[in-house]
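Following this are structure 1 and structure 2, which are two forms of one protein chain, each written alone as structure tokens.
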Structure 1
């Protein structure tokens, strides 16, 4: 069996958040690109969890190879990280020249890669922590006519059947489908493993295979973006917080309850019976 994990390199969302909150997020002259070189680039954490799900399948006895694939101009660091975690194969798909790649182009490339090289199971994170769109897995599934099962806490394969425990707003749901299938993984899967030193060393020497769009059987029009990022900005937050001050925790608590009763958020009752 062959498992393909689609991974994306993103700007560290915590660093972006810290800069945005402090009012220091730098946006380039194109009015959309985040330019701070001090913001680390890393593998989208949900994709790391998708790799973890694949490795757990293999550790659990599933006879599968694991391939990590990423679309991007320079994803070597991310793919080396994937290798250090224990995947067997790392592939970089270079974006088509002169095109501002959108989610539709990324999905077309990934789907073509899976079509050409094969996969029984396609795993990805539930969404990328930069654009938060979470649409690529569904687009890939549709392009390949594979079932799509989202937001997995656990993934199990038994023969040609995959069983997925999904985290839904109403609690866990267990769903199953036939392979080949696309499954997206959520943080509830649990901590991904850390690479050991030996694997880290080995990964440094690994060069991902580079695949060009022209090497792939992308259907006509598949490399035409449908969306163009025009602008990016930090939204204003209307802050009007009253910081309550008093001498003790008890007095602060009483003051807060006063405020909440005064502004009718809460109603005072009869007091302790």
Structure 2
């Protein structure tokens, strides 16, 4: 059995959030890219949990080879981290030159890689922290004519079938389908493992296999983006917090209730409007 895990390198969302809260997150003159060059890049957290799902299958006795693949200009650090976690193979797909890569191009490259190299199970994170779209797995599944099962918190393989416990607003849902299949993994899977020192040292010596788009059987027109980023901006954050003060807790509670009634959040005499 062969498991392919698709991983994406993203800007550290905590660092981006810190810049945004402090008012120092800036978009460049092209209206598309951030000016900050000190924000670290790391593996998308959901994709790290997808790797964890693949490793748990192997730990549970599944005879599977785990391959991590990423599309990007330089994803060596992210793929070395994947290797330190325990994957068997790491592959970097170079983006096509002169093309503004969108989700369709990424999906076409990943699908071509899976088609050419083979995979019984394709795992991805449920979405990426930079754009939060979560459409690439569905596009990969469509291109490969594979069933797609989303937001998994548990993945089990038995022979030619995969059973997925899905997270839904109404509780868990169990889905089963034949392999090959695409499964997206959510944070409810649980904390991913940490690499040990030995694996970290070994990963430093690993050079990911680099695959060019010309090496893959991408269908004609597959490398033409269908979406174009026009601009992005940082919304203004205005603080409108009002501090209420009173001589006692009881007086403060009365003051708060009066204010909520004035704002029509509560009705006079109790209850909501």
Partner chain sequence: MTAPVIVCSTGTEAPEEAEATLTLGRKVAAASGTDVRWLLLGAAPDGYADVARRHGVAAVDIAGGDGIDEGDADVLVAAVARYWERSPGQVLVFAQTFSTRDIAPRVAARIGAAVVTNAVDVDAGGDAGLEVSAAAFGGDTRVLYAVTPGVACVVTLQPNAIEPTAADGTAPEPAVEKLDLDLSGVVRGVRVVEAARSDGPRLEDADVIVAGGRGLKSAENYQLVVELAALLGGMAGASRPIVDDGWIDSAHQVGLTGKITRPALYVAAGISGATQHVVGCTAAKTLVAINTDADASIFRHARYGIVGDCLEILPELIRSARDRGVRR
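Residue numbers count along the first chain shown, from 1. Predicted model, so just to flag it, every value in this text is computed and none were measured. For clarity, a rigid core is taken as the largest C-alpha set superposing within 1.5 Å between two forms.
Colleague: I need to confirm something. Of structure 1 and structure 2, which is the form predicted together with the partner chain?
Modeller: Only structure 1 fits here, because that chain is the form predicted together with the partner chain.
Colleague: For residue 259, is the CA shift between structures 1 and 2 at least 2 Å following rigid-core superposition?
Modeller: Yes, shifts by 2 Å or more.
Colleague: Does residue 248 show a Cα shift reaching 2 Å between structures 1 and 2 after rigid-core superposition?
Modeller: True for residue 248: a C-alpha shift of 2 Å or more.
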